[in-house]
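In structure tokens, the next block holds one chain alone, the form predicted alone.
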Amino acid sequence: MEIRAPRGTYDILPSQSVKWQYIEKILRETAAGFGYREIRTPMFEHTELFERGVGDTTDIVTKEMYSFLDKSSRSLTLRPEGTASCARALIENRIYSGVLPVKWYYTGPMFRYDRPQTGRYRQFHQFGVEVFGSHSPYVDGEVILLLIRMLEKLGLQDCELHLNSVGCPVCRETYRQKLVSFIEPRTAQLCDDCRTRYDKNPLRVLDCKERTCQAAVQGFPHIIDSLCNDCANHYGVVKASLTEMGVAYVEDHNLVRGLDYYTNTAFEVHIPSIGTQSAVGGGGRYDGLVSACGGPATPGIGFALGLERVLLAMDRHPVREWPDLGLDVLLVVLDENLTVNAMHLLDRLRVADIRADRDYNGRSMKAQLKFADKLGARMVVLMGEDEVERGVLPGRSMDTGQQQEVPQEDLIALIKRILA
């Protein structure tokens, strides 16, 4: 029986990995340009971290986590997202006692037991950023601007920024009471999950993707009408800073973060043209997260980009050619007795940052030239007994077919000239 990849996972083959490398390079460089530095956290953590850091009423924790007991009967979980791990690292390494704010980025696989569909997998990849240690609404504006600039540098221009505020624990409690009163007569129309959690956390109902729930809450009161003065001012500064930078946005009253430690700004970026799964990234402010994970009160804000969604958008709207990471040179060895000579020449080429390889299956010269074409090599260099004895090597362009013979010591210069 053929063993296949588990459902909801997939292989990233070399023809696709070149795209991933390009995307990750752009994201890393853009984040570094905004003053962010990389953090790498474990792919699994103690389950309690996500129960406290993501929320024990969320679908992620109640339905989607890959949790298991280790040999000491400790519950561990493959990370379903990156923010909680960053908060744990901040606390464990006492980063909060140093120079603040700290600006981190991370990238890597995440894991959720979800229903696989286009752009959604059980092992998926995120690029995220986190800022810890500043309450400033201008930090919110900069974080959102970073997300927009990343997508622009990837050539994705048809982005739609959705923005909202979820207030603070004080004004959110006032809003919670209003929302509960609104939802209570409509509970029969809610899905089972929302019926069990609406009283404890009614904002989760607004975030539900079930159509019956979305229909049931039509006309719900908006949280921005319940914001206290401080939260209203914070939200106003965020919007003004985005307007000043020329970033358009849509106020989305359905956009919420239903956990107690989320505060103020919430945002998502959509690319409507990629289909129903149009959200490519989003985030928000979480001033209560670090304390919820056992650390001192430390404000934070961040976002995560779904790399599968980004790649889907780029493939559907190609704006540039993907970078070519194929071979520069295939060394065509015409006599197996020249293997040692070929090894030394290949090493010289590679040390000179020329991507070079050779055939190891004893093909004929004609077959090796076809092999070079299939590999996408831009040049071939012919090595036969006669050429070695004369101390020369012919280099041939695969594009033009033009061939030039040069002394061996001049070969690298010839290759770089042809490649340029």
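It should be emphasised that the depicted structure is a prediction, and the values quoted were computed from it without experimental measurement. The first residue of the shown sequence is 1; numbering continues from there.
Unshown form predicted together with a small molecule; subsequent notes refer to it.
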{"item": "Whether Arg52, Ala84 and Pro299 all lie within 4.5 angstroms of the small molecule in the model of the complex by heavy atom", "value": "no"}
{"item": "Contacting member of Arg176, Arg257, Arg197, Lys239, with respect to the small molecule in the model of the complex [4.5 Å, heavy atom]", "value": "Arg257"}
{"item": "Selected contact from Ala279, Val139, Cys231, Cys213, since only one has a non-hydrogen atom within 4.5 angstroms of the small molecule in the model of the complex", "value": "Ala279"}
{"item": "In the model of the complex, Arg120 touching the small molecule (heavy atom, 4.5 Å)", "value": "yes"}
{"item": "Non-hydrogen atom contact Asp114 with the small molecule in the model of the complex at 4.5 angstroms", "value": "yes"}
{"item": "Exercise: Tyr249 in contact with the small molecule in the model of the complex, heavy atom 4.5 Å", "value": "no"}
{"item": "is_contact(Thr107, the small molecule) in the model of the complex, heavy atom dist at most 4.5 Å", "value": "no"}
{"item": "The small molecule in the model of the complex: contacting segment from 187-195, 323-331, 124-132, 84-92, heavy atom within 4.5 Å", "value": "124-132"}
